[in-house]
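Only one chain is shown below, in structure tokens, and it's the form predicted alone.
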């Protein structure tokens, strides 16, 4: 039961995602990172079918890198979001990807931004967004507590409230979450929120 959510604060954007790799009633692993670093100042968080999610996000990452390599300048966050939407729209009429995406980035001219892109290639610029079963709880928490111009500390506190709400209210709640942030200093991992660790398999 996937949970991906994010928000924009004062000079930064934060994205959080669960780290469970699940198929049917089985949990294969609980440390799967679903937030990819697109480039130095962009993050892409995805939910959906695991094969589609990995293949599509890697495809976008490599094409963003190819654009920068060919042209000598990186894509803006808006341009990367529109490229991603275009690729989803093209695939929708051929071989659709079942992936929902939150794309966060920071540009020198425009500051932080967050884009909501769903599996049918709908694109919106948002201040806060969420996908998955956890969105029922995280969106309501963000509606209540989010305000523009949040500090990093306030945003992390809100992310933790969302995680606690998901863990306590969702019947099949994922145990672990990863939080990543992007600001003027770049995109990076901020913290993990773990309640279960994958046990090391003893060698025979």
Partner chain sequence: MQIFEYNGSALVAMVGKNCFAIASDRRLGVQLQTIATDFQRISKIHDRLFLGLSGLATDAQTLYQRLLFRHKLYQLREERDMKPETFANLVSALLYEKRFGPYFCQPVIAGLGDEDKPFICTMDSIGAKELAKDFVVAGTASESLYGACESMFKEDMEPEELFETVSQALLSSVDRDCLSGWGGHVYVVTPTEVKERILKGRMD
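Positions refer to the first chain, counted from 1. None of the values given here were measured: they were computed from a predicted structure.
Not pictured, yet referred to below: the form predicted together with the partner chain.
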- Message: Test of understanding: in the model of the complex, would residue 121 fall inside 4.5 Å of the partner chain by heavy atoms?
- Response: yes
- Please check if residue 135 has a heavy atom lying within 4.5 Å of any heavy atom of the partner chain in the model of the complex. yes
- Would residue 178 show up as a contact with the partner chain in the model of the complex if we use heavy atoms at 4.5 Å? no
- Examine residue 108 and determine whether its closest non-hydrogen atom to the partner chain in the model of the complex is within 4.5 angstroms. no
- Note on the structure: Checked 173, 139, 150, 37 for heavy atoms within 4.5 Å of the partner chain in the model of the complex; positive is 139
- Message: Let me test this: is every residue among 161, 169 and 192 within 4.5 Å of the partner chain in the model of the complex, going by heavy atom positions?
- Response: no
- Query: Along 176-195, which positions have a non-hydrogen atom within 4.5 Å of the partner chain in the model of the complex?
  - Reply: none
